[in-house]
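Starting off, we have a lone chain in the form predicted alone, written out as structure tokens.
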């Protein structure tokens, strides 16, 4: 901790995961934090709010994590919400008509731990499983650099069947990377596969059991408890770097801080950069980024339509179902029978084909598909619904984009970048966002000459046979 009573001050622009991670880490090192957030709540793209049309508190989009996300897990432990995450070691795939297949671990060592359940999948034939197994071996055990080609090209080169692409690679990678296979870098796809295969625990999926903003409000409490301040409805308008401080303009008022962390989406950063020669290289890098949308469809039924908490849906527009009325039950609840209805959230990643559709069209499409997968929904009445389109949900992980992801340090010694689009070594995930915040905090403390712990957590160690290849 810094012992000087004149604490160095840090402005954090952005109250998403990247900004919160940076703020919590720096607050622990004794910096006085002021976090500016344009919305009236924390969480950024991982937030919740009371929807005016339904009167319900909803998440803007369902967010999940995996055990392999070591920095996100550490962040939840830091702010004291690790007990608000429900962990699952099974993943259910459902075909139209309702046939379900479950992937789970076996006693076999990694990377063979899911092989028995995979080999029993009825929705893949023997040839599909053979070519997928060969591809997983190549992605897991050999380096897959970004060659400028897409993962779909890679699949065709490695003779993946259409069924393997549509029923295996698309459900896994489009959901993980929020982009279509023909726009995903090979290196990103390989990272998703490799990280999920490194140990049986790596693929355990965590789902928040409380609304997202309730989760991240604890980060706000953490910052305030260490002398920091959170200002809502306070978007950063501009900043001016000076040799001895940084001038930040918010609500037409200039304030001075020792340091500034820009924890904003890449398109917002472009709008606040000064028109100077120092900003030109970063501004040029930002022109190479594109967004990919995610759509969340919230439906409330008058009865239970499934006893599953979540599932992957095959062959249709909807990719995932999350049974929110089950997931949001408190740990002390007796079970799903406590609720007479079903509240579900359906997720469509890389949802470009839905952006121009109306809410009515999307809900009708979703209802038709839900009733294909879950027979009980055919007799259920829809009580209310809403659609949330996150048009700029993530950056597109296109081939070659890594060359343009900037480091956390900038041309200005007192200004740092955080965000899942920066150079974190991870794609656009909550883990990537937290890593970026911790990397920005590490860079800032080095510049300030403050001795501090390394904030980045070690990667999950490989186990079983995977230890031979790490």
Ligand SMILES: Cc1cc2nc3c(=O)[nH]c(=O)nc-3n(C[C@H](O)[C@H](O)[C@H](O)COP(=O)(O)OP(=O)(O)OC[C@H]3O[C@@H](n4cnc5c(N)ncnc54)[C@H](O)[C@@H]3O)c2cc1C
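Positions refer to the first chain, counted from 1. Just so it is clear, the structure is predicted and the values come from calculations on it, not from any experiment.
Here the subject shifts to the form predicted in complex with this ligand, a form of this protein not shown in this document.
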Exercise. In terms of non-hydrogen atoms within 4.5 angstroms, which of the given stretches 397-405, 413-421, 439-447, 25-33 touches this ligand in the predicted complex?
Worked result: 413-421
Problem set entry | Single option in 131, 313, 234, 124 placed near this ligand in the predicted complex, where near means a heavy atom within 4.5 Å | 234
Exercise. From the list 363, 393, 81, 380, which entry has a heavy atom within 4.5 Å of this ligand in the predicted complex?
Worked result: 393
Problem set entry | residue 63, heavy atom within 4.5 angstroms of this ligand in the predicted complex | yes
For this session: With heavy atoms only and a cut-off of 4.5 Å, decide whether residue 211 touches this ligand in the predicted complex.
Result: no
Exercise. Though only this chain appears here, would residue 429 touch this ligand in the predicted complex if you measure heavy atom gaps against 4.5 Å?
Worked result: yes
Problem set entry | Partner proximity in the predicted complex: residue 163 to this ligand, non-hydrogen atom cutoff 4.5 Å | no
Exercise. Since the partner is left out here, which residues of 260-293 would have a heavy atom within 4.5 Å of this ligand in the predicted complex?
Worked result: 263, 264, 265, 268, 272
